[in-house]
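Before any questions on binding or motion, here is one chain by itself as structure tokens, the form predicted alone.
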């Protein structure tokens, strides 16, 4: 399994995301230019230029026509995927930590940080028609978050609910029609770094600083499975075709200088979704893995690390033939 190495970022990768077909891979880093690559051969298609701060979150809509990025320069920008031009910019009071298009891409949700006397807030905006007026338009919904800040975000079924993961390990389900909490659960004990949906939207996986990843039912927030490691998990993804999950993590970036890559354990780890057993590791990064994503066809996966590299791994045939004994 020889990876394709994508080196377009000088600084640590914060998030990577495939579009729905999987022909393009979008990557964001603590630099100020998100990149887009051809996932087949690793050729860079282009960059989105305009932000002035670290890019914390990105998302692309299901038609691959609009791309969205939230950054530390207190703005959320929407771009035209075809030309790479900025089509709208929304100014915020603090940095944008999470952003997500709804499945239909008629709406987008984003959350801002707690900072400078500003509280963490969640916004829903209408993205059917995107032009300069979006920056001054009122959001459809604005929900102030009184408790711990939102660190990850997902849309629920039929674009009617939102799922937020918080700094204290809590997951809250929001009803968008009412703008109120529907349900909440606190199975994690620490910050939730990442949440990703399964292919059919019935489950989602969370990655937390408490050294575990957990699988939840996206309807009633029941915790179904727990995958334990011995270091913080920064990102986790569910295979679209097999009952596998991949976890990426490593020690905190600030502790890394004192350890070698071997001790730091900067590898992607594969677990069986049902049996919670680890069955494989992929080494390669020289720092913690900050984001992992499966290709929509399930035949490859990518990881982005603190070392600024994105690695695309295509699975060997033996991966698909491997069966658990039970």
Partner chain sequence: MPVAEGIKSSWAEEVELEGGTLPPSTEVRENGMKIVTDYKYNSDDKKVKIVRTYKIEKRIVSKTIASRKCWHKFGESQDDKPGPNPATTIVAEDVYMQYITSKEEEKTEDDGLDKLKSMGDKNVVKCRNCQGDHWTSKCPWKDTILAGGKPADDKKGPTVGGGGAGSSGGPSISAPGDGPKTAPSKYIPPSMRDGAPKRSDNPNMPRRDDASAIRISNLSESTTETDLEDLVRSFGPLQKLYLAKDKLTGQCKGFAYIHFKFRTDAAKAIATLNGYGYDHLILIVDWSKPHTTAQ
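Just so we're clear, the structure is a prediction, and the values are computed from it rather than from any experiment. Residue numbers count along the first chain shown, from 1.
Only in words, not in the display: the form predicted in complex with the partner chain, which the text now covers.
At least one heavy atom of residue 269 is located within 4.5 Å of the partner chain in the predicted complex. None of the heavy atoms of residue 56 is located within 4.5 Å of the partner chain in the predicted complex. When the partner chain is considered in the predicted complex, residue 14 lies well away from it, no heavy atom lying within 4.5 Å. The closest non-hydrogen atom of residue 52 lies beyond 4.5 Å of the partner chain in the predicted complex. The partner is absent here, but in the predicted complex a heavy atom of 81, alone among 163, 238, 88, 81, sits within 4.5 Å of the partner chain. Every residue of the trio 1, 36 and 319 has some heavy atom no more than 4.5 Å from the partner chain in the predicted complex. Along 207-227, not one residue places a heavy atom within 4.5 Å of the partner chain in the predicted complex.
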